[in-house]
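Next up: a single chain in structure tokens, the form predicted on its own.
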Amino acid sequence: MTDVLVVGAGPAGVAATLRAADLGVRTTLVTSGEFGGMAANDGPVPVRTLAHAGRLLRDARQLSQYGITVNEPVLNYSTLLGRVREVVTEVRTKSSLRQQIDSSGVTVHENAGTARFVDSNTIETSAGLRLSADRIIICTGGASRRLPIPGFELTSTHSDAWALTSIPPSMIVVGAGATGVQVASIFNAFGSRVQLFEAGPRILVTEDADISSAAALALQHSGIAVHENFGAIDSFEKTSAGVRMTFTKGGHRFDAEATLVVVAVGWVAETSSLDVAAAGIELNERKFLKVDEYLRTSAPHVFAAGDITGHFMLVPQAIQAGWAAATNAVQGPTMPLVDQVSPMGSFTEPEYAQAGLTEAKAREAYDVVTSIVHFDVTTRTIIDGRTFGFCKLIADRKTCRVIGCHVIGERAVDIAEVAAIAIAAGMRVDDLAQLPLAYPTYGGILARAAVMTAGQLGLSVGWQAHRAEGVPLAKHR
């Protein structure tokens, strides 16, 4: 019997495995598929590679503006897929985390098939592997939500979309959260005619409302048909050319047809085969594994981390949770998982990103001031010919601290991550404004927003680090 058994080799599972091994206990890692989980094999790594190809196509079409003459770029999708496989393999095999695991004495079982609990200390996989441990950490991730709609079996998931071997002439994407917008944006860049359907009042509902509106306009301008508040789906039907979706709104029936329909309407815990009841593990009201602040399940020696808990289903947060779960599994309940500033970004065109509170959420708890810097007046974006977008900064009037930042446009993620550092450090806007960031850069756009916000608050920003951007002098208190 091993001391700690980790089930799942995604970001949470890998982090948990490394932490348990570092703490000196006998550790075993078992995964249904390849090392790296969804992040390396079906998530950010392959998706970002595909999105990068889309960006290269976009950039190639801009070359003539800078006096560079080339032929119209043509996508060879089979070659691109070869590159995706190369990247995934390199990330999986050359990852420093894999090297650390291999050198730490951990027993690793890859491609073991799906796991299920036999009892509270034992799991068995579909490949016939049987493992027991004093403590178990479940990191099996999640799966796309299915809908109880006639003909749903005719639809595809986002994973199916990434696995395509050719570009579909047309595509319907149902669900305009982060995943659905990624699918729509990438395949639109590759030449598919894309229709994006969102049942809610706006796409990207977890983003700041101004970002959602700007993203919808940008997607429409790129050729994507965006349908918000479209009604309710009645059925999917096979046609000679693909799939027809029938839906109802306001008592009237409509339909849309495409070669492929991708449904991305949420993410659920991957518990269907685990038989968690055999281990005495309960699910919460959202059907994710129920855990306490120390990531313990209702079986005290079984912990869980990552998507299966439904908590911030992102790679950095999964790594943090895996580390905490392993610490608590080995040392007892010593490391509670606390919410931290979590910058989030997209692989879309255009990029969008956030850090901290949206303006709506901020106004529920604070007296706020906001400043918006549009990209058509900032030096670096003009140089790069990327003048669509803006950076919105939100500050608390009482403390003058930065509490939110929302960006859409080129390098949006990079800007939001700088803002996340400022938020986590509790920086005031005048402190942020005085940082002498390099000129002209995208990070400087954030500092420009800070100068504008400081001016609204009547704060002095001293020597005005970013007057090169044409920001008017801020007032003194």
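The first residue of the shown sequence is 1; numbering continues from there. Every value quoted in this text rests on a predicted model; they were computed, and no experiment measured them.
We do not show the form predicted together with a small molecule, though everything after this point is about it.
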property	result
Interface membership of Ala16, the small molecule in the predicted complex, 4.5 Å heavy atom rule	no
Any non-hydrogen atom of Pro168 within 4.5 angstroms of the small molecule in the predicted complex	no
Asp396 within 4.5 Å of the small molecule in the predicted complex, heavy atoms	no
4.5 angstroms heavy atom contact with the small molecule in the predicted complex for Ala176	no
Which of 107-115, 73-81, 238-246, 209-217 lines the interface with the small molecule in the predicted complex (heavy atom within 4.5 Å)	107-115
Contact check for Ala53, Glu349 and Thr381 against the small molecule in the predicted complex, heavy atom at 4.5 Å	no
